Each structure stands twice: as C-alpha cells, then as structure tokens.
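Coming up is one lone chain in structure tokens, specifically the form predicted alone.
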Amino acid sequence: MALAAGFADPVFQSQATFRAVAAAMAEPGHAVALAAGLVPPAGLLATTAAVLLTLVDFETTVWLDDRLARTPEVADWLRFHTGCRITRDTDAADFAVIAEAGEMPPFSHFPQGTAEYPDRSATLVVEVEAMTAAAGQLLTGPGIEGAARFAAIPLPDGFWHAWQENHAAFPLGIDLVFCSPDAVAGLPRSTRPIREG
C-alpha cells in the first residue's frame, strides 16, 4: 500500500502550521484557523497531520492512542515523513497523539519534565470534533487578557479537574494542542481553569 503524501510545499506549509500552533499557544483557548492541505492516513485529521509534520522529527518519540495504533499506516506515515520513533510506552513519549479525546489517559502517565529540565515533558496532540470560545471553562493565565472561555467536544469526565492539577505542578506538567477539522488551539501548562460559583 502506497504511503499518503506529506506536505506538497514543505517549507511554506510547515511555516504556516508552526505560526498557527505558536499563535494558539500564545493565546490559550483561542482557536486558530489552519488549512492543512493534506490527505493523511485514515484516522488522522489533516490538522493533526500538519501539526505532527511540523513539530515531530527524528529526535522525537511519539505515542499513539489505541485507535491510531490499530492503524499501521499512521505509524508508517509518521516514520517515513518525520523519522520519529513510535512507542507504546507513555513514559517515553515526547508527543502523544490522541484520536479518542474522550478516552485520553491521565496526564500523569506522560513525562512531566524535571526541576532542572521542565521542557522534557510531553505535548499531547488531541483530536476533537469542535472547539468554541463562546462557552465552556473559564481560563486565566499568560496570554489571556483577564479571562476567557473555552470548550472542546468531546472531553473526558473530570478533564478540567485534572487540568487544574496539571497547572498546579507548574513549571512541570504537560502541554496540550487541540486539533479540530479546521483549527488548532493551545492549552499550555501555565493556563489555569477558574472555578466558578
């Protein structure tokens, strides 16, 4: 079976994707449009594929959730286009790709960084059906003027409580990039959910 193609224009498309992800991380909870221009293997959104082609390389280790791991074409495509290593060990992941957002593993299963090297933590790339700033969890932190709302569908039960614990460990903890079919949004560990009422 032939591998799905990567970027048609690697320089331009990777730069555009990097700018979108950087903007999303700089303004947490704000969805940034991303026209990926890719037809990736079945199981991956084009936006997710673009993020991975941009951020992953031969020095990184990628963990795939069960749904993606059952599709060998995804791992083959990632290895071919990025040179990355694929692992089934969450503790070894630099990046984790989660296609079933409602069933994502606990954040604590992934590398949290160390006091000396907080950057040695995992980034979770999570596919969702939709994102909105019109409703949802109230957030505050760097990059957010005052406070902002954000919701992604679906998320597992207890997600925001778990995120509060992740934030409390700052500067340790994981970072998260949400990918919907046409946009990306960032949730860095510095972002704090606000309990209302």
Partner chain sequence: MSAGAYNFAYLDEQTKRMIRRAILKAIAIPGYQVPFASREMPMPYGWGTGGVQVTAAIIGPDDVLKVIDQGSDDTTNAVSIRGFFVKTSGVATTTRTDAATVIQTRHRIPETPLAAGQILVYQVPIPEPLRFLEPRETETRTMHALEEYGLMHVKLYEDIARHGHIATTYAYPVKVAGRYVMDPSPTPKFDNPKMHRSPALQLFGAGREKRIYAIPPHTDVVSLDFEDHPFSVQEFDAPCALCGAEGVFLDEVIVDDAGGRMFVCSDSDHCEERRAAGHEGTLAGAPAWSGAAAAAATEDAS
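Residue numbers count along the first chain shown, from 1. Computed from a predicted model, the values in this text were never measured in an experiment.
The same protein also exists as the form predicted together with its partner chain; that form is not shown, yet it is the one meant from here on.
Novice: Does its partner chain get within 4.5 angstroms of any non-hydrogen atom of Ala122 in the predicted bound form?
Specialist: Output for Ala122 is yes: heavy atoms within 4.5 Å of its partner chain.
Novice: Taking its partner chain as it sits in the predicted bound form, is Asp89 near enough to touch it, meaning that at least one heavy atom pair lies within 4.5 angstroms?
Specialist: Asp89 lies outside the contact set for its partner chain.
Novice: Does Ala26 reach its partner chain in the predicted bound form, with heavy atoms at most 4.5 Å apart?
Specialist: Ala26 belongs to the contact set for its partner chain.
Novice: Taking the shortest heavy atom distance, is Gly143 within 4.5 Å of its partner chain in the predicted bound form?
Specialist: Yes, Gly143 is a contact residue.
Novice: Check Arg19, Asp57 and Glu116: does every one of them have a heavy atom within 4.5 Å of its partner chain in the predicted bound form?
Specialist: All of them do, each having a heavy atom within 4.5 Å of the partner.
Novice: Of the listed stretches (127-135, 48-56, 150-158, 30-38), which one has a non-hydrogen atom within 4.5 Å of its partner chain in the predicted bound form?
Specialist: Heavy-atom contact with the partner occurs in 48-56.
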